[in-house]
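The data below hold one chain only, encoded as structure tokens and taken in the form predicted alone.
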């Protein structure tokens, strides 16, 4: 039996309809000038509109290779030599490390710390200056599930400096919480297909009409000449299928995950020494739990050998002490023992019961060995 509980890393693709359609009729190059290619171009246009519709975003949409590229593009598009920037200490590495790079280019960057696990609007606003070019605060944290109030944060930023652009990494938020950016003031918002049961290698950057991103690549005129190269039509069409499914099944899926989340917390509370890193405001899909005295990667490997798959934090930072958890005030011992269990509506209560039983067994065993 295989039990997959690492859905924040990636999700099982559910795109059978798209695979058949793409292979048979929708594989043409959308830049070509004949009817079948034009049909593929229109499919891409349909996906752009669907992304704007499900997020309530009024602006443009450019397809990228994923959330990392979209986040990089948004941040670098706001770069001005010597300008001031604000981000948080709990951002995904693709955001955090981009700002670290900007610092080497002479930018001034403030890294706001969370209050508990969440970023507070007043803490961000206190750092805004007249020369602040961009503020980037994630919507949902990929390690803890903490949900930031980006509407309040963006509003506080714009009230202090209306010229400052606002970006939010929404990769872990899409179909995990309700999103309505229609009156938010958000200028850039990023999403990724493989987090919602579509394919890896596909993401998108939503951008305000007056904040068009800069090009990072050069070549042809695809994607409004902002991202040249033949488009990933399979990934884009699969994105649309996932968007349809996610939109139509949002309420039912959220109800399932809320039920699983409750059972998971109840089960973890029965494991000796378990410390749940629980934000006050969160999505139910991600649970971070620490087992002090047990190294996270050792526990993950032990469970993996039994066919139970959970994560240790950001999938791209395997083996490293969590910068996010330490910024949230989690002690070093607890951070070393933190694992991430992330749910989807495909999971079952039985899977959770098996996982919790095995976690309890392995934690007890590993602590016993650790004391020898």
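In this text, all values refer to a predicted model and were calculated from it rather than measured experimentally. Numbering follows the first chain given and starts at 1.
This next part talks about the form predicted in complex with another copy of the chain, which is not shown.
*Asks:* Give me the residue from 334, 55, 68, 347 that has a heavy atom within 4.5 Å of another copy of the chain in the model of the complex.
*Replies:* When another copy of the chain is considered in the model of the complex, the option within 4.5 Å is 68.
*Asks:* Using a 4.5 Å cut on heavy atoms, which of 231, 123, 275, 149 is close to another copy of the chain in the model of the complex?
*Replies:* Contact check passes for 231.
*Asks:* With the partner removed from view, which of 262 to 270, 240 to 248, 139 to 147, 222 to 230 is the stretch that lies within 4.5 Å of another copy of the chain in the model of the complex, judged by heavy atom distances?
*Replies:* Contact criterion met by 222 to 230 only.
*Asks:* Within a 4.5 Å heavy atom cut-off, is residue 45 in contact with another copy of the chain in the model of the complex?
*Replies:* Contact check for residue 45: no, nothing within 4.5 Å of another copy of the chain in the model of the complex.
*Asks:* Tell me, yes or no, whether residue 39 is in contact with another copy of the chain in the model of the complex, where a contact means a heavy atom of each within 4.5 Å.
*Replies:* Outside the cut-off, so no.
*Asks:* Can residue 357 be called a contact residue for another copy of the chain in the model of the complex at 4.5 Å between heavy atoms?
*Replies:* No, residue 357 stays farther than 4.5 Å from another copy of the chain in the model of the complex.
*Asks:* For residue 194, is any heavy atom within 4.5 Å of another copy of the chain in the model of the complex, or not?
*Replies:* Answer yes; at least one heavy atom of residue 194 falls within 4.5 Å of another copy of the chain in the model of the complex.
*Asks:* Are all three of 91, 295 and 361 close to another copy of the chain in the model of the complex, meaning a heavy atom of each within 4.5 Å?
*Replies:* Heavy-atom distance to another copy of the chain in the model of the complex: none of the three under 4.5 Å.
*Asks:* If you apply a 4.5 angstroms heavy atom cut-off, which residues in 18 to 39 are near another copy of the chain in the model of the complex?
*Replies:* If the 4.5 Å heavy-atom criterion is applied to another copy of the chain in the model of the complex, 18 to 39 yields 19, 22, 23, 27, 28, 29, 30, 31, 32, 33, 34, 36, 38.
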